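First, one chain by itself: the form predicted alone, in structure tokens.
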Amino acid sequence: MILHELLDYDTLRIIWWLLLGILLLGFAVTDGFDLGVGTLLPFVARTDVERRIVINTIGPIWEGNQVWLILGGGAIFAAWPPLYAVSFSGFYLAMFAILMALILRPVGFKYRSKRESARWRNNWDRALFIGGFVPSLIFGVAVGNVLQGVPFRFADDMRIFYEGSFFGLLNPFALACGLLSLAMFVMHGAAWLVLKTNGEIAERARRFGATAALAVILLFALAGLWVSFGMDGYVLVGPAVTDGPANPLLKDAAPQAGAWLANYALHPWTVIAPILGFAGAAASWLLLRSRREVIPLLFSKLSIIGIISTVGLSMFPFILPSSIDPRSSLTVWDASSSHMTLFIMLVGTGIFLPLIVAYTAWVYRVLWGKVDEESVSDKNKHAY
């Protein structure tokens, strides 16, 4: 027996669908609070010292957290080549905006304290705000467009044609999803600041975090109602070929009202995801108001996991539906790499992903504790 045949092709596709979700969740629950802290910077910190404290709560760890985004992009490129090709070409300007915003973050960290000028530092603080706000919003906008379907199609020779525009991405439902994503990360960032700071910064973070948690509940409910009654989902027409070649044009698909709710009827256990999204945000709101420190961060993580999992479970087996040619939609069964490629990648992931998780946990343990004025003023600690 050839080694890669130890696992069936369709099983490997499911495993890599799950792994893609895990990588995206890893990014959201780690780098998500970095983005939230950047967005909150102008609002929770009013003096230069307070802003340095806020910046140094994430300064030592943001690079490690962003590794999850790189891993997610790499997994899409290697495990789901058609998905990478369509999404990175169709969302090119949106991805470029995210990239430019993320570039501002390391530059802001490194250059902000190089001069004593208040104007200089304020400008870099604005850059750090943009580096948190823009990705938080656009990631949600992208998810909103995926749920609606993206205007792309494959020709018979598998050439990709994208027929949308950047401003077409900014439709009402996608913007609502963008605001949900923003509120979600602000809630998460506020919970992190409550854990890592004291005094006025923590109190302001509590207020903003509680407000963001309520916004998460309301926007998640609005998005759910919109998906249920205001837009079509997509379904496969005929039985799915789960172990066939990676060619989207070998199937038929069609839009259908309420299709994104079908999996909850077929697999009732999946309702755990939206319940977790609502319950985690509600618990974060309550715990932030009750002046807890560690637990609000845990529940904000659970809310993020629930909300993102709701999207993936609702759409399965679709990964990227097409709004202009449903037949071209990408699914778990027809958008993957080869059997052998998925197996080799799985072996590598099984070795290195636990190492990344272990190293990340060790870093958080080493850096555990509050950031205060004394720690940012001590030059021997190399604070930003």
Partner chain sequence: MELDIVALSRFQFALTALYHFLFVPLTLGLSTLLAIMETTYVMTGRQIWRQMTKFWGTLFGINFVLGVATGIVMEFQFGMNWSYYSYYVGDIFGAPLAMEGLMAFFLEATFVGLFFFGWDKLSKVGHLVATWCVALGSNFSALWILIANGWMQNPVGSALNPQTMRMEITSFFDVVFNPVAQAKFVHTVSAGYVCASVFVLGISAWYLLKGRHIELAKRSMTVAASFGLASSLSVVVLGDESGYLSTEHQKMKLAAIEAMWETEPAPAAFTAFGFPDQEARETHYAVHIPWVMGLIGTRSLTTEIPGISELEKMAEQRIRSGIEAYDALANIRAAGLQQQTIAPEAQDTFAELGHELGYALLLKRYVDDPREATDEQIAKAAADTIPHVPTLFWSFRIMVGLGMFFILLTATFFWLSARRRLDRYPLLLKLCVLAIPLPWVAAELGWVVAEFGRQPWVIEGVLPTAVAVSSLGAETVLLTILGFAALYTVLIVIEMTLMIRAIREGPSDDDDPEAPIISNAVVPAAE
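Residue numbers count along the first chain shown, from 1. Here the structure is a predicted model, which means the values were calculated and not measured.
Omitted here: the form predicted together with the partner chain. The next part is about that form.
You can rule out all but one of 289-297, 109-117, 231-239, 184-192: in the predicted bound form, only 109-117 has residues with a heavy atom within 4.5 Å of the partner chain. Among heavy atoms of residue 345, some come within 4.5 Å of the partner chain in the predicted bound form.
At a distance threshold of 4.5 angstroms between non-hydrogen atoms, residue 68 is in contact with the partner chain in the predicted bound form. Under a 4.5 angstroms non-hydrogen atom cutoff, the partner chain in the predicted bound form has residue 340 among its neighbouring residues. In the predicted bound form, at least one heavy atom of residue 359 sits within 4.5 Å of a heavy atom of the partner chain. Just one of 172, 74, 258, 199 comes within 4.5 Å of the partner chain in the predicted bound form, counting any heavy atom, and that one is 74.
With the partner omitted here, the residue from 225, 262, 218, 160 that has a non-hydrogen atom within 4.5 angstroms of the partner chain in the predicted bound form is 160. In the predicted bound form, 66, 67, 68, 69, 70, 71, 73, 74, 75, 77, 78, 81, 82, 84, 85, 88, 89, 92, 93, 95, 96 are the residues of 65-97 with at least one heavy atom within 4.5 Å of the partner chain, listed from first to last.
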